[in-house]
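A lone chain, given as structure tokens: the form predicted alone.
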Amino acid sequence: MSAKPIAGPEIERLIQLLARLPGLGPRSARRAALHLIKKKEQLLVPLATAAAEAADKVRVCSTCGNVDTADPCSVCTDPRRDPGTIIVVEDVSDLWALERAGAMSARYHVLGGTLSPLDGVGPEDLNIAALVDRVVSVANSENAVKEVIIAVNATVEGQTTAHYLADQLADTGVKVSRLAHGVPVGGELDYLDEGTLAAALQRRSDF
């Protein structure tokens, strides 16, 4: 026997859509929907307006795959960034995370995922060919790419993708590097997994 609806169809629809968001299950979605409804003028109406504007104006950057309201995006058109360095990430969320860190003022390339034969995800399903074309197309210009930093997750799929990218870029003459793996800042050895500890030892540096 299916559960009876707790409110009108419009509210039920709101709850169902919220439940699809990462980290929100049915119970959290109901709480979020109720909070939005209680704060209708302060939250629900502005949220609906912002969502409608985003749906109308958001674009996927044809150069790097970032999401923005312009194409090319603000990252690609920023003259203060180093055009000679491209950081390759799996998803836009990774790009945003690196931007929050503020460690480098480089350009990016979003793959849109990782290689996963078991899930039917091959090179043609990712933004890989565009990366190689991007590197080759400016090879002899003042904006030539000098280094590609592969910043994918330290998963089996991520490492498979990293090796594939390195092979694809091998003939371009650019330096290919990847993020260091090891002990995080503030990390305690007793709480780290064996893979992280092994990577930290293998990639140890001089004191």
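Source: prediction; values computed, not measured. Residue positions are given as counts along the sequence shown, with the first one as 1.
Omitted from view is the form predicted together with a further copy of the same chain, to which the following refers.
In the model of the complex, residue 187 stays away from a further copy of the same chain, with no heavy atom inside 4.5 Å. Although the partner is absent from this view, residue 74 contacts a further copy of the same chain in the model of the complex, with a non-hydrogen atom inside 4.5 angstroms. The shortest heavy atom separation between residue 170 and a further copy of the same chain in the model of the complex exceeds 4.5 Å. Residue contact with a further copy of the same chain in the model of the complex: residue 32 places a heavy atom within 4.5 Å of it. Think of it this way: in the model of the complex, a further copy of the same chain has a heavy atom of just one of 58, 139, 180, 156 within 4.5 Å, and the residue is 58. Shown here without a further copy of the same chain, the chain has 74, 81, 91, 92 in 74-92 lying with a heavy atom within 4.5 Å of that partner in the model of the complex.
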